[in-house]
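Presented as structure tokens, the chain that follows is alone, the form predicted alone.
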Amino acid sequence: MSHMNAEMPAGSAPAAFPRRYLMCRPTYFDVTYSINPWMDPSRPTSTEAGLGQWKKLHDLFVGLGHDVQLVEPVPGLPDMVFAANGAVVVDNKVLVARFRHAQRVDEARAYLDWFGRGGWSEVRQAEHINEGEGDFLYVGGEILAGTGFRSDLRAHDEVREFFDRPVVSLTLVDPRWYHLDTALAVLGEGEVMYYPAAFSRQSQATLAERFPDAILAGEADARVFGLNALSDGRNVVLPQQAAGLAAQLRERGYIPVGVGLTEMLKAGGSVKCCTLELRAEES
């Protein structure tokens, strides 16, 4: 793990807030099939290395003061480490994912069971294809919703109705950035960073209008999943290879914290994919 923070501009530091996260230990992590352009079963993968990298990420979140809870991994579900895909959690309500690919369908049961024991106000599985926080990101009281490769456009209406929150639909056009959280990261209240070329022209216009001061990533940082990042409002945890984004974050007063998740990237995931935020009702 490397801390990529430098001196921050005086008086410009955003505030960090303790968060609750759900993660899943990659006990059975492997790449045995291909459902996105990053996955190549012929490429060597180390479960041991993946466990070590994941543990450093987990311990980093704990060290930053966040409450990290764990869902039990299930044999035969190697992608379950990507807990962000398991559900969308807003206002103490939980909409559990309905996965597109057969290899991941059984993950939903594990999340339904975990949330069902947790005292949430409402828990149910999505009716339409919906890959959780992979495609639904909460920012400033509304939900940015991705479609194009995984989550069904009809899921956007379902999310709007279930959470009674505004939903902004965004279309992804490059299969390398197949989930919204691979192409866009929420930094703070009304602040995001994203890779424009991952989106349709209409969606680029929507993002530019809503977030005129957004940090824009270049392809080099996007290719190392620099946008698959997680922010607590001040600390932004992201792949350590994303040096360009780290520099831009410092300029805005954020503290970029670099981590090495090279094994997870072999399956098309990184920091955010491994982490589902558990949001209670806003006061």
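Don't overthink the numbering: it's just position in the shown sequence, from 1. Worth saying up front: this structure is predicted, and the values here are computed from it rather than measured.
Missing here is the form predicted in complex with a small molecule; even so, the following discussion is about that form.
- Look at 164 to 172, 208 to 216, 82 to 90, 193 to 201: in the model of the complex, residues with non-hydrogen atoms within 4.5 angstroms of the small molecule sit in 82 to 90.
- For the three marked residues, Ile35, Gly134 and Ala267, a heavy atom of each sits within 4.5 Å of the small molecule in the model of the complex.
- Cys24 falls outside the set of residues with a heavy atom inside 4.5 Å of the small molecule in the model of the complex.
- Interface membership of Met39, defined by any non-hydrogen atom within 4.5 Å of the small molecule in the model of the complex, is confirmed.
- Residue contact check for His156: none of its heavy atoms lie within 4.5 Å of the small molecule in the model of the complex.
- Contact annotation: Ser151 falls outside 4.5 Å of the small molecule in the model of the complex, judged by heavy atom distances.
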